[in-house]
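Shown here is one chain on its own, the form predicted on its own, set out as structure tokens.
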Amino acid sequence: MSRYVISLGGNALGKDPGEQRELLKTVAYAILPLIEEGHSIVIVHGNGPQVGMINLAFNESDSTPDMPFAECGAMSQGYIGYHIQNAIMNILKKSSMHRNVTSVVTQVLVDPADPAFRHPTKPIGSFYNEAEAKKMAKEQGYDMIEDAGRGYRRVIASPKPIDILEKNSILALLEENHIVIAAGGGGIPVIQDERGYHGVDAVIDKDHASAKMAEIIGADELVILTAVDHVYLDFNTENQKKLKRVTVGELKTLLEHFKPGSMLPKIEACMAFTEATGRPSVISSLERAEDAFKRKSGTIIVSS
């Protein structure tokens, strides 16, 4: 049997809990073939829209205390993990199968000296028009950027993951054949100093966290599910070119073609995993997930 890490985008989870529950039925069906074949599975989900909305709700409320961003990340891990557990357990029941499904509230170690803390780049939360964004920047001190033509969003620091503190628990669950949901939203970012471990205001990119997870647990394959079926050069232009199979070395020469807030983190994460382990990674769409797991669809990234 093989071991998979599946990275699922936060924007694919819907705008509210009801929509999220419905969309996760599709996710459950997509991974069912892996479950039926008995493979080990870790699911890492995004939380960009969700954690931003949680944080904003606390900030705009006059009756609740300020909530640190790390705690907001933990909240998003809890409710998104619950929805994923529920969706998978329901599909298992319909298929007359039994397998334990477990979410792990996950802390991910980052470096306090990471340059990302000086240059926030990670979009979170809802989209706003330009006037709303300027008002939020002025009144709340947020860093706001235009995000891929879809509107303005807040950005915060996105440091690189160094280690996963709950790795031994995750490995123990996999040994007991649990389907594991972990490092949600990229994990709760923590630093270590003389006081011990404590959370910081940041969001770790979930694809980089997925790559670190895949490396640590010895995954046979990292699969990043996104909105498109392949990686494209010059995407959405008349010159766009589909990449089907590409080496890490070839990708290094093509990085300028990809946007930092869109495809670039996914490609960098796959490169990091494949370069560190020699094992393949795949970027594909949720609709083609079953084929992606078999490396029959998507952009397949190999070491050489």
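No experiment lies behind these values; they were computed from the predicted model shown. The first residue of the sequence shown is number 1, and the count goes up from there.
Just so it is clear, the following notes concern the form predicted together with another copy of the chain, a form of the same protein that is not shown.
In the predicted bound form, the residue from 264, 56, 246, 32 that sits within 4.5 Å of another copy of the chain by heavy atoms: Exactly one residue meets the criterion: 56.
In the predicted bound form, the residue from 136, 116, 145, 165 that sits within 4.5 Å of another copy of the chain by heavy atoms: Comparing distances to another copy of the chain in the predicted bound form, the residue within 4.5 Å is 165.
Output flag, 156, 253 and 260 jointly within 4.5 Å of another copy of the chain in the predicted bound form, heavy atom basis: Spot residues vs another copy of the chain: no contact at all.
Residue 188, heavy atom within 4.5 angstroms of another copy of the chain in the predicted bound form: Judged by the heavy-atom cut-off of 4.5 Å, residue 188 is in contact with another copy of the chain in the predicted bound form.
4.5 Å heavy atom contact, residue 160 to another copy of the chain in the predicted bound form: Contact with another copy of the chain, no.
Contact test in the predicted bound form: residue 17 vs another copy of the chain, heavy atoms, 4.5 Å: Taking the distances in the predicted bound form, the answer for residue 17 is yes, it comes within 4.5 Å of another copy of the chain.
Residue 130 within 4.5 Å of another copy of the chain in the predicted bound form, heavy atoms: Taking the distances in the predicted bound form, the answer for residue 130 is no, it never comes within 4.5 Å of another copy of the chain.
Residue stretch of 227-235, 207-215, 147-155, 95-103 approaching another copy of the chain in the predicted bound form, non-hydrogen atom distance within 4.5 Å: In the other structure, the partner sits against 95-103.
Residues from 138-155 in contact with another copy of the chain (non-hydrogen atom within 4.5 Å) in the predicted bound form: Read in sequence order, no residue approaches another copy of the chain (within 4.5 Å, in the predicted bound form).
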